[in-house]
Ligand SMILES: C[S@@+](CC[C@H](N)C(=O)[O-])C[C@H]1O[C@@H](n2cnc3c(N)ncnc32)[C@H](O)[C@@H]1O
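To begin, one chain is listed below as structure tokens, in the form predicted on its own.
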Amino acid sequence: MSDELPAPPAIARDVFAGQAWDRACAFAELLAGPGVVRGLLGPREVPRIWDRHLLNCAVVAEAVPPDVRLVDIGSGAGLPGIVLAIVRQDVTVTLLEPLLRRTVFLEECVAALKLDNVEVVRGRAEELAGERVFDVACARAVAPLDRLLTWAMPLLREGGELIAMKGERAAGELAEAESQLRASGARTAELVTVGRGKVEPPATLVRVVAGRAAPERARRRRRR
């Protein structure tokens, strides 16, 4: 294990149970090593990889339904997408990232961790709209909620869910996005808390359920 990478907290063994444990440890090493060298993670984040990054992303799995197709928008270093793929082998994960150096890192991680439920796609959400449809879209530290809605909602089937990791900003961003929620045809929007007893503080998410596809979006799908 890297000299700077701390030992995982005891709770990590419960969160990353069974086969997920070895993969989580290997991913921590990849983040602390190549991830830092290539600028995907700041050196100051290494001591916090387990608490702030791996565990905080893993508990999001509590809000993800079973057997879904999930897209991680702006995946970056694979947070939360790779972590969710590690703890939820029933979920098919698409890591969507526009920058080449990041997609190269993601592809190397997927290969090293032998994650057969993950694909890496280089591109932006706007480019994928009308081409692919997902059950769940997730994002972490990508954009304010109102902007994230414009990217995520066209990727979701009716009844699909956007799960946005927002922490202490969640309630404020939800209130500020009220007009965009209406414009995007969202069915419901709520705050969800996950990770009680596993991370401190528990993680706060915004969950938005997509309504019926807008006419333009529906036409694009019929032309496929």
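For every residue, the number given is its place in the sequence shown, counted from 1. Computed from a prediction, not measured in an experiment: that's the story for all the values here.
The same protein has a further form, the form predicted in complex with the named molecule, not shown here; the description that follows concerns it.
Residues placing heavy atoms within 4.5 Å of the named molecule in the predicted bound form fall in a single listed stretch, namely 98 to 106, out of 129 to 137, 85 to 93, 111 to 119, 98 to 106. Taking the partner from elsewhere, residue 153 is found to have every heavy atom lying beyond 4.5 Å of the named molecule in the predicted bound form.
Interface membership of residue 125, defined by any non-hydrogen atom within 4.5 Å of the named molecule in the predicted bound form, is confirmed. Interface membership of residue 73, defined by any non-hydrogen atom within 4.5 Å of the named molecule in the predicted bound form, is confirmed. Contact between residue 79 and the named molecule in the predicted bound form is found at the 4.5 Å heavy atom cutoff. Residues of 127 to 146 lying near the named molecule in the predicted bound form, listed in sequence order, are 140, 141, 142, the criterion being any heavy atom within 4.5 Å.
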